[in-house]
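Given next, in C-alpha cells, is a single chain: the form predicted alone.
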Amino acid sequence: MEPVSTDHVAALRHFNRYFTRRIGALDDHYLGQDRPLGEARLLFEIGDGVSLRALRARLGLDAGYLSRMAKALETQGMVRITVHPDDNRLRMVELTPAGRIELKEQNRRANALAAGLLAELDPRQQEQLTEAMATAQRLLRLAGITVELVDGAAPEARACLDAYAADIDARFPEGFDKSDLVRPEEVSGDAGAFFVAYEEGRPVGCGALRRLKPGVGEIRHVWVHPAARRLGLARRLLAALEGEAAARGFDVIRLDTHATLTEAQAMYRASGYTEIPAYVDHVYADHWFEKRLP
C-alpha cells in the first residue's frame, strides 16, 4: 500500500470539521430539537421497527452505547423496547406515536436545512454539488472495504462462490454448473489463494488464484455483490490477486471469461491483460487473457 499524502489527510480532516459544523452535528439540540445528533439518527434508523442487533451492525455502534441511547429514548417515551416473539435473545425497538411525530418533524427540518443550503446555489452548482457528493460517497465506501486472504474452505469463501454461481447462472444463456467452481484445496496453502472483500463485516466480493504450472497462475471467480458494484472493487480484488501471484513467484497470470461478461473483458484489457489463444478447454470460456508480472 502506497503512503498517503499528508495534504490529502489534512484536506479530508478539514472537510469533516467544516461539514459537521455546517449541518449542526456538534449541537446538543440538532435541528433545533431537544436531542443530540446521535439520538436523532437513532430515531431515523429505527423507522418501522428493527432489532438492536441489526442497528448495532448497521451503525457500527458499541453495544453498551447503543443500549444506553435506546433506554434514554424509551424513558422519554419515544420508543418501545420488546423481546422478539420467536427469539428471546433479540430485543426489538419501535417508535411510539410520540416518536413517529418527532421523526416526522425531524425529517421536515432536515429537508428544510438541505433546501436552504442548496437554494444559495444556481441549478448548475446544485448539480455539481450532488455529483460531487455521490463521488465522495462512492470513494468512501470503497475506502471502507477491506480485502482479506481467507482459507478456500472458509464459510465466507463458499458463500461468495455460491452467490457468484447464482449470479452467472442467471446471466449465461446456457446456465452454470456449480461443479465448475474451484475446490477449496485448489485455492488454499501452497496451491493457491482466496480473497474475500468485506464491507462493514459482510462479504461483498471475492477472487481466487490457483497454480497452473511452475511460474504460471490462474485467476478465477472475480465477483462483486450487485450492491457493491461500480465502486472499483473488482479492480481492487484483481490487484490483490496479482500481488499474491507476484509474491508466490509467478511470472505470468492467465484467466478466461464468458462472451456475455463484456464488462469483465473491458476491465482485464484496461488492467494490462492481452487476449491470447485458448490455454485450456473450458466450457464457459470464450476469451482467454494473459498478463506478465514485473
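Whichever C-alpha set is largest while still superposing within 1.5 Å between the two forms counts as the rigid core. Because the structure is predicted, anything quoted here is derived from the model rather than measured. Residue indices: 1-based, along the sequence shown.
Heads up, the form predicted together with a further copy of the same chain isn't pictured, but that's what we're talking about next.
Asker: On the criterion of a non-hydrogen atom at 4.5 angstroms or closer, are 169, 171 and 265 all touching a further copy of the same chain in the predicted bound form?
Answerer: Answer is no for this spot.
Asker: Using heavy atoms only and a 4.5 Å cut-off, determine which of 92, 163, 145, 196 is in contact with a further copy of the same chain in the predicted bound form.
Answerer: Checking each option against a further copy of the same chain in the predicted bound form, the one that comes within 4.5 Å is 145.
Asker: So in the predicted bound form, is a further copy of the same chain close enough to residue 274 to count as touching (4.5 Å, heavy atoms)?
Answerer: No.
Asker: Using heavy atoms and a 4.5 Å limit, would one call residue 294 a contact residue for a further copy of the same chain in the predicted bound form?
Answerer: The answer is no: residue 294 has no heavy atom within 4.5 Å of a further copy of the same chain.
Asker: With heavy atoms only and a cut-off of 4.5 Å, decide whether residue 15 touches a further copy of the same chain in the predicted bound form.
Answerer: Residue 15: contacts a further copy of the same chain in the predicted bound form.
Asker: Please check if residue 65 has a heavy atom lying within 4.5 Å of any heavy atom of a further copy of the same chain in the predicted bound form.
Answerer: So residue 65 does not count as contacting a further copy of the same chain.
Asker: Given that the partner is absent here, state which listed stretch (180-188, 211-219, 74-82, 103-111) has heavy atoms within 4.5 Å of a further copy of the same chain in the predicted bound form.
Answerer: Result for this chain: 103-111.
Asker: Within 130-145, which residues come within 4.5 Å of a further copy of the same chain in the predicted bound form, counting heavy atoms only?
Answerer: Read in sequence order, the residues that approach a further copy of the same chain (within 4.5 Å, in the predicted bound form) are 130, 132, 133, 135, 136, 137, 138, 139, 140, 141, 142, 143, 144, 145.
Asker: After superposing the rigid core, is the C-alpha displacement of residue 105 2 Å or more between the shown form and the other one?
Answerer: After core superposition, the C-alpha of residue 105 moves 2 Å or more between the shown form and the other one.
Asker: Any chance the CA of residue 236 moves 2 angstroms or more between the shown form and the other one, core superposed?
Answerer: Shift of 2 Å or more: no.
Asker: When you overlay the rigid core, is the Cα of residue 59 off by 2 Å or more between the shown form and the other one?
Answerer: Yes, residue 59 moves 2 Å or more.
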